[in-house]
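This document starts with one chain, in the form predicted alone, laid out as structure tokens.
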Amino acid sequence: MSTVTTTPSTRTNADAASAAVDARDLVYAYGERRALDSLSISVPQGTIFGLLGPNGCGKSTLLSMLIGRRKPDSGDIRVLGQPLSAKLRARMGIVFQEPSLDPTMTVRESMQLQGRMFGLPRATTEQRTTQLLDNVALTDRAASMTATLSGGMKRRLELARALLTEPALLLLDEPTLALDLDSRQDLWRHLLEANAAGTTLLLATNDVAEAERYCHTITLLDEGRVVAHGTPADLKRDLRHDAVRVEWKDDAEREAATIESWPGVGGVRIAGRTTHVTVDAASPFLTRLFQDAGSRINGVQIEETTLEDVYFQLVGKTISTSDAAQRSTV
């Protein structure tokens, strides 16, 4: 399985200077609970870098440190080759997990306030506001109160606001949370345009499909620690090749102990009446499955393995919050 390619002991000062984010041995605790536990990452400039893990694994805590909201208990952070500072903050943009727009302001006023906060000349703010609102298809809503916008429009406005200062680094904390499919795709079109123009994107998410589709490199996190690191293809390379989802007529629990003992079976996850199994090859597994338990099966689906499977094989639990029950048999 792919692991972190560079560690604090092997990264050089040149690595830190050339990275968009270079964090080494970060520790941060909320009381007795460690949110970050000697966490180290290095984000190459110009990439789309994903922090993938379940809620509570430390993603948002790390992003809050990068914008100076929290200070690590120990460890070192360099952003764009520099220690954190107020001046450096102007070279960073952020789209928060929760909406952060003032509902009493218009769309244009929200952009103007951002420009004043970061010291942009008024003419520059107006020019960029006009361009960015056009880019995110909000020109006709410039005079509208932000409270009247749809969820997708609010996210596009927050992105335009974050891009107003032309940041070199854009931090994204669950940016598509609660958006419908069309709004997600629309937001990602704008994010990809920003990345193509040279902005580094650092995405914190627990959406496996989103990370796998858009991120160049992904770091898997669990309880504030790095579990694995690499491209989506690298992370899946050593995993079992196929995934089979079996829906049972009755509770899936009693079938798991039998299935996990079969040759070629990797991990078995259970959620209600559904069993998700990673296997070396689907064909021989399905042959035996129907021979031994065909009368108890309601449906079967063969799927490609995902980063969810990688995470489960490494950690023994799921990333997605939709799985009501989890079981490790790796």
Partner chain sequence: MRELDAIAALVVRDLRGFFRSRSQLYSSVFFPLMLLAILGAGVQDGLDPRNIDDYVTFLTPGMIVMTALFSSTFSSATYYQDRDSGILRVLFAAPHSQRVILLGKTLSSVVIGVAQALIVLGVAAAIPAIHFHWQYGVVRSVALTVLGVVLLNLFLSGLGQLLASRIRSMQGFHLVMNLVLFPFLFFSGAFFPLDQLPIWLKILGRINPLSYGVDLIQASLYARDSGGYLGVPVDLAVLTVLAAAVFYLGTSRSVSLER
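Positions refer to the first chain, counted from 1. Computed from a predicted model, the values in this text were never measured in an experiment.
The discussion below concerns the form predicted together with its partner chain, not included here.
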Among Gly198, Gly119, Pro83, Gly151, just one has a heavy atom within 4.5 Å of its partner chain in the predicted complex, namely Gly119
Among the candidates Val244, Met145, Ile77, Leu239, the residue which, in the predicted complex, approaches its partner chain to within 4.5 Å (heavy atoms): Met145
Hey, in the predicted complex, does Asp102 get a heavy atom within 4.5 angstroms of its partner chain? yes
Would you check, heavy atoms only and a 4.5 Å threshold, whether Arg288 touches its partner chain in the predicted complex? no
Determine whether any heavy atom of Ala233 comes within 4.5 Å of a heavy atom of its partner chain in the predicted complex, and answer yes or no. no
Would Ile94 show up as a contact with its partner chain in the predicted complex if we use heavy atoms at 4.5 Å? yes
In the predicted complex, which of the stretches 127-135, 224-232, 83-91, 188-196 has residues with heavy atoms within 4.5 Å of its partner chain? 83-91
Select from 48-87 the residues with a non-hydrogen atom within 4.5 Å of its partner chain in the predicted complex and write them out in sequence order. Ile67, Arg69, Arg70, Ala86, Lys87
